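Okay, so here's just one chain, in structure tokens, the form predicted on its own.
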């Protein structure tokens, strides 16, 4: 009898831990979006944490599309409590994504563990937004909806039964021997008993990215003031010092839309009380009112760990985890009751008196101070799941708070993940490589997140102005002076150049605001990789296959990883210069491109070399580019304020551009209180280009004053 039970136990163990590999069954859940379920997924996942709904109306405009991968090429298996996934690759196929990487854009051949963490200098999957989503240059995307630490083998491993398994080579005699043979699959390990998988069809890589963003609610649409200039002041500034700083900006003629207060605004931080320090800010409501009268909004730093001296501590304590961070309680934000207590304090103490947003710090890592994976939370969700979603939960919680006020916000966060596209937050960190910051900006377009290459300090005026130039062509133009109190004018030798780029940022606000509207309504990232650009990324697989690269330097250039130039909106190509550079090469996609500043022809689908002094960041405009500019104001236009526009026309192509408009502050645009004015360029009877703007619709926002047209290209 004992032997029988032993055999029975072994049989049960085998049955419970091994499931035969299977080809998943796919269902179209939105136009061009396909879903399957493998095994038994966790009840809590990335999309549930974000709680956003797909924009199916916008997805339908992209049109239906079939399953973008061969159904029998995708294999899933659940074994020993883990889910194993395999997706096919073909020769020459390149991959992008797998989260916010800082060193590399091309991801084929990488091994990653997708794990929310502070970025530590290596692209190993531990990063601020380890989004389990990747894009192929063949025009499709793959998303694994699990809030677990997912291990990825992005074309690194070779299965014995692979139809394209490489033949063994003798290293002794074969010069083509490689330590990394050809692999024909992306393989993943999800440490749980099942998961949801989504496929996003193209036909282009940009279409797949659009579908992913729209499935996650569409990109965020910040308030206009969020696209202005921001300064974060020193750690322990008082109300009077903040007011003095704002006055200095105005007196010196520098733009400023919002000021960030660092930990010293709170009575105690690390952990946080979430209440004002009454010695530095004796009258918070009066202070906020004074700042608004000066045209300045306030953004408050916090981390989410609750001090025992916080007014909400006793109430929230039963809803916190088993471990603390810096002695602060970690609220289980997967529980609505915990969120209600936290936003109750923030709403009563800060938002109700007019504070405009938050900088949410330290919700990412490091392991040595964050809660460990052995921590327990009252919801029953694991420490791992909370680690992967905490930044998203904080973004949703605060976004919903502002939505209740019918007031848009724009802030900063240290962690995000899938589902976070629609939340008005920009990621930042403590890492400070200028070159890697630009690579991160490029990679953010594959991950459904925003990234700012913030400016903190510099050793020279040259480095200072180069950093200022790139931050002004990013989602948030910010100086973070919490440590040293640096000002835009801190380097007198480049003060003129710094002011010029800050004012150019303001001039470009109508253009950038429209590009963010397209992010929201159409899913197109406002700042994105060249690999998503028509006439550039498509040649990766098509034209390179049989090309002689030694005879075609252009194709050789685009075949390599491009991580130091990017698109800013529909028309602008930005090619930053870094410390010690005064010239660089730029790869122009197919078609004619023109210098942004002069309108002169720069090149036509070729590799060019450009030289730029400290007064310029190289920017190029596509043929037919229509770029709306406003006067260089010191503050973003207020709701209802009419603004004159100068519309710049580049090249000789005719075309049109839809210019977006709303009140710039509320969510009324969701109820139809917005407009798209068509800027069109056509040839007149003499063959010369002429511009026209469509009439304002009755009952729609009309904030456009006098319009002038400037033909930049002779």
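These figures come from a predicted structure and were not determined experimentally. Positions refer to the first chain, counted from 1.
This next part talks about the form predicted in complex with a small molecule, which is not shown.
With the small molecule omitted here, the record of contacts in the predicted complex names 477 to 485 of 589 to 597, 477 to 485, 511 to 519, 311 to 319, defined by a heavy atom within 4.5 Å.
Residue contact check for residue 397: none of its heavy atoms lie within 4.5 Å of the small molecule in the predicted complex. Residue contact with the small molecule in the predicted complex: residue 235 places a heavy atom within 4.5 Å of it. Among heavy atoms of residue 177, none comes within 4.5 Å of the small molecule in the predicted complex. In the predicted complex, residue 262 approaches the small molecule with a heavy atom inside 4.5 Å. For the options 134, 305, 198, 428, the residue carrying a heavy atom within 4.5 angstroms of the small molecule in the predicted complex is 428. Interface residue among 467, 528, 126, 414, judged by heavy atoms within 4.5 Å of the small molecule in the predicted complex: 414.
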